[in-house]
Structure formats: C-alpha cells, structure tokens
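Below, in structure tokens: the form predicted alone, a single chain.
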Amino acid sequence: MGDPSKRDLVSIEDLSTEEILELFQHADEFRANLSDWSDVCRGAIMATLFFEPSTRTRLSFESAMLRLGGGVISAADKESTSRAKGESLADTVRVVGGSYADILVVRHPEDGAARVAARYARVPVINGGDGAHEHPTQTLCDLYTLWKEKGRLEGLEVVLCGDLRYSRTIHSFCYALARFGANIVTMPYAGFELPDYVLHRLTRDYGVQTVAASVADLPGLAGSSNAAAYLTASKPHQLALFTSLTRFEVNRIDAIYMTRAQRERHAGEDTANYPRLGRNTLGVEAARDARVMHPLPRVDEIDYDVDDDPRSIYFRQAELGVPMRMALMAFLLGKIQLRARPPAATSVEPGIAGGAGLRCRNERCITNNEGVRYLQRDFRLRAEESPPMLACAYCEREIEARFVAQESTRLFHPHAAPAVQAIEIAKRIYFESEAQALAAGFQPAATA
C-alpha cells in the first residue's frame, strides 16, 4: 500500500509549522515570475481525480503543474470515470498512481477518502477536499494570503462566519490558525456551529480555550453574534475572568473569513437569513483594518459592491493558490528540499484494528460507504484518557472506548478496571458499549 517514505498531504497536520513557513518562501520565489520555472518538474505528470465539482482547485493545480513544466491528465467528472461502474477509489489510485502519473490530487465526497488514496497509491497524494473533513491546500493558500497581507499570523483576530459545521475549509483553517497562535472568533449561522469534535481537537491538541464572545456590531453579520465564541491558546489568564454572563469583547478584527452554505452536504435546512457581508459591515471601526476572505465560490454571502474595496482579498486568495501549489508539488516530488523538520508523526499511520466491532459514527466516513467493501476499520489511540479516546484513522472522528477486551481470553472489562492495565496496548480490543462487545462474541470478565 504505497511507499512508507513518500510524503502526502492529506491533512494540514502532515506539514510542520516550520515547513509551512518555508513553503511560503518558495511560493514567493515562484510568484516573482511564474514563467521562469518550466524546468522544475519537466517530465512529471500530475493526475487530478475529482469526484466532486471544482473550478479553482482543479484549475489552479493544473496551472501550477504546467508552469512547473510538467504534464496533466484529468478526470474531472465522476460520471465519466469507472466509479460510475462501481470501481473503488483504492483500485483507481492504484492504477493511475503508477505509470499514469507521478502525483495525484484527489477530491471526493466522502470524509476520509484522501487517506484511502494515500494508503493505496504508490505516488504522493494531495487532498483536494474530502467530504466535510479537510481541504489542506486551501488552508495553505489562506494562510499564505493572510501572512502576506498582515506580515504575521500570531496574535491575529480572525472572524469565521457562516457555515462552520459542514465547511471542510473552515475545519482545516481552524487547526492551522491555532497552531500559528492566531485567535479565532466564530460567528456561525444558527444551526451551523463548529462541530464538537473540531472544538475538542482544538482544546486537546493546541490548548485552545473557548468563551462566549461579544463582537462589535457588524451589520449583515449581526444575526450570528448571539452564538459568537472566542477561541484562543494565547490568552488563557485573561479569559479565566469571563463567563456566559460576561462575554469577551472583540473590538479589533484582522480578517473576516466568509463561507457559503454548503448545500451539497445538507438538505432541507433553512438558510433564508444567512449572513451577508456588505459595505455597511466594513464601515464599523472594528473592521477598519480587516481583510475580507472567502475560499470561493461565492453565492450571496458577500455583496458584489464590496469587490472593489481594497480590504477584499478573496480574488487574491485564488491567485496566490497557483504559486502556493507550485511550491507544494515541487516539494512532494522531491524537486525542492526543505530545511525544516517534518512533523513528529504523520497522520496517515495505521493504528488499532476495529474489525471486532468498533464502528466510526460518522455516516459520511468512507468506511461506512464505499469502504465497507474493502477497508478494515482502523482507529488511532488519541490519548489514554478516562475513557480512552480513539479516532477513526480515515475521517478522524473520535469515539469513547468504554470497554476493553483481549482476543486470547475473549473477555471484556470496563475501561477503568485494573485488569486492563495488564493488557498490552497493541493487544487491546476497544468497544463503545457492552452490546458491541457481546455482539462480537466477547464475554464480560465478571461473569465468565
């Protein structure tokens, strides 16, 4: 299943903070004259496998590879691929990621699909967006744009507005902003709040503290302000004074990141009063130096008369995607070297087999869809908490394992039982419930 030494970009966590900053420097070099780099990847072929619609992501990748001197082959319509005949993603990438292409960019509607592609392909895989999971190259472009506009990322006050639940771009961006020490203000449309599993990961992995926030009046966005929250890893002592009755005041905004309602991922939910940013939004003092960002495509959430405001940089975001993706592909293909160290552990490592009964709760996860045919359910131990927390190795959705069993004895125990400590971690079998364990043929230790 692929070369263990190859580098993929499935999650933004697959790059260290230092590597990201170094890639920004390379992107600057490429951007200085886009036509000067046609020998960097000469002879290399990139395949774009897009099983969901895309304009900017696919075309910017293809433009980036052509500017590096490589070639492009593309499957841009799922109905014209063998997926329409029932072929699995694993089989597709094993065929295309060989003599056909040297690097793959995959977009897929199921959460965790990019991880499957990375495991089965022999060549580097880049996640072009997998379901509602992550979109790491969009995050690189967003960070790069913000870094160029503000000269730094640490300490920035970034407002995220709109559909925070289903936007994979938002999820990747949150993790990256927390890593770089930026502060996040969430202003979701009602019912589209940041998912609990994203908040939990921000708290556990980055020490982010969350309190209710009061955001300076932003016309057009004010309908979201009742649910506003302030997320920061840099102001824990200040935030200790605030409660739900004394909200943290946000009076300075460095960027407003708007998102459209992700209608392709939800059906029948009312978006009639969805927030809309207009000139009056940018007229308030708190937004005087704010930059307006959007991953595009825009629908109705930003008025067109905002486009000529110098603070509106969403089209620049799209433009900067080309040099940023040039730098990334040149790196993954080994054409440029980074001095920075990679992450201590990449997020594509296999973990704990869940074939005995553990099942990912995320119905959009590839393991609960096409992967049922060929994937072994696989989980990683996040932390020895009480109860232990495991994450699906594909979509990263977390599960509490309240019972632990051992294959040799066919017995299961409550997670806190002393007998569990005697079982090697590699030999533990985890279950969410007694019913799961019993269904898998295990018996409770107390009555065996």
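The first residue of the sequence shown is number 1, and the count goes up from there. Keep in mind that this is a model prediction, so the values were computed, not measured.
Not pictured, yet referred to below: the form predicted together with another copy of the chain.
Trainee: Which of these residues, V95, A227, A340, A216, gets a heavy atom within 4.5 Å of another copy of the chain in the predicted complex?
Mentor: Comparing distances to another copy of the chain in the predicted complex, the residue within 4.5 Å is V95.
Trainee: Find the only residue in S74, N369, S234, Q262 having a heavy atom within 4.5 Å of another copy of the chain in the predicted complex.
Mentor: Among S74, N369, S234, Q262, a heavy atom within 4.5 Å of another copy of the chain in the predicted complex occurs only for S74.
Trainee: Which of 392-400, 22-30, 58-66, 409-417 has heavy atoms within 4.5 Å of another copy of the chain in the predicted complex?
Mentor: One stretch meets the cut-off, namely 58-66.
Trainee: At 4.5 Å by heavy atoms, is each residue in G43, D102 and P297 next to another copy of the chain in the predicted complex?
Mentor: Contact check passed for all of G43, D102 and P297.
Trainee: Might A318 be said to contact another copy of the chain in the predicted complex, defining contact as any heavy atom within 4.5 Å?
Mentor: Heavy-atom contact with another copy of the chain at 4.5 Å: present for A318.
Trainee: Would R122 show up as a contact with another copy of the chain in the predicted complex if we use heavy atoms at 4.5 Å?
Mentor: Yes, R122 lies within 4.5 Å of another copy of the chain in the predicted complex.
Trainee: Check whether V322 has any heavy atom within 4.5 Å of a heavy atom of another copy of the chain in the predicted complex, and answer yes or no.
Mentor: Flag for V322 set to yes.
Trainee: Within 4.5 Å, heavy atoms only: does E149 come near another copy of the chain in the predicted complex?
Mentor: It does not: once another copy of the chain is placed as it appears in the predicted complex, E149 has no heavy atom within 4.5 Å of it.
Trainee: Even though the chain is shown alone, can you say which residues of 172-208 have a heavy atom within 4.5 Å of another copy of the chain in the predicted complex?
Mentor: Contacting residues: none.
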